[in-house]
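What follows is one chain in structure tokens, specifically the form predicted alone.
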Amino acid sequence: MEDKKIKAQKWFRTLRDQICAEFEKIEDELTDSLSPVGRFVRTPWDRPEGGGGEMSVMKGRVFEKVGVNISTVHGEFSEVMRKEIPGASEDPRFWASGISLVAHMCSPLVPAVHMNTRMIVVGGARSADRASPEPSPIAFSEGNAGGNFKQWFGGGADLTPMYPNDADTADFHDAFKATCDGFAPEYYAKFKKWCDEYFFLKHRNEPRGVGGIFYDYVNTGNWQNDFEFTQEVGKTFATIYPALVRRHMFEPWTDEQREHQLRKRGRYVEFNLLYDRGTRFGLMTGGNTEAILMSLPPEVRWP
């Protein structure tokens, strides 16, 4: 299992480097702007209980604020978290590594986006390759841990346009459908539905955006295949999202559209603080607060 952990951790760093390089290239392409060109600032952090990570944040003329964070942490779950994570009640030890990205754009015509992929190991490593029952997509606590060990991949990507564009939505979904179809015919429909259900603001009875895919607890018993699927999700994002940015980044926008964007961002804040499992997981496992709340936009308004 240790070699698999190292392999996954290296991939998340490689993906981070590739995405950051492409986003900085996009910053260079907006030559008609008087605003400074954005560049990522990297800030490493350590977790006293074990592990750490690195924040990469850029504020520029295309990306108003984008964070591409990586982390690898380990330790033991708290008493509260042991009741929510499959397998943790039997063995509270855990290891988790992943990449998390959120982009809030200067232009209200360029969609905001979220992407993350991760590998999680709970308990000891002697049952490393055993496939396990998949818990409900709604809550960790409904899963049957099964024994003293669990390992899985999770992640996904979803698009949040200020002004939905049918072509953008179709291209984004088609890209991830092609990726899913390359691994299992049921993946796309299942993970799209999961995304639609997960990124939904119950208190407003509305979706956060136009969806994408969301998956968790992926352990088919073939670690390499599951890892390759998670890699392809990252590669797909790194191709389709820059294409959508370039499609709209040169279009002019109005003050009225900017105001709409700031209000729409309020929905993003509400979801991440009220419902997001990643936010809760990070805070309850002693993660870096600044890295966890990186997802919040730099400017936002409510009515």
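In this text, all values refer to a predicted model and were calculated from it rather than measured experimentally. Numbering starts at 1 and runs along the sequence shown. Heads up, when I say rigid core I mean the largest set of C-alphas that superpose within 1.5 Å between the two forms.
Same protein, other form: the form predicted together with another copy of the chain, not shown, and the subject of what follows.
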Another copy of the chain contact in the predicted bound form: Arg301, any heavy atom under 4.5 Å: yes
Contact flag, Arg13 vs another copy of the chain in the predicted bound form, heavy atom cut 4.5 Å: no
Interface membership of Glu290, another copy of the chain in the predicted bound form, 4.5 Å heavy atom rule: yes
Leu274: touches another copy of the chain in the predicted bound form, heavy atom cutoff 4.5 angstroms: yes
Heavy atom within 4.5 Å of another copy of the chain in the predicted bound form - residue from His248, Lys264, Arg61, Lys65: Lys65
Contact stretch among 199-207, 160-168, 89-97, 217-225 - heavy atom within 4.5 Å of another copy of the chain in the predicted bound form: 199-207
Within 4.5 Å of another copy of the chain in the predicted bound form: residues from 254-287 (heavy atom criterion): Val269, Glu270, Leu273, Leu274, Tyr275, Arg280, Leu283, Met284
Is_shifted Arg280 between this form and the one not shown (CA, 2 Å cut-off, rigid core): yes
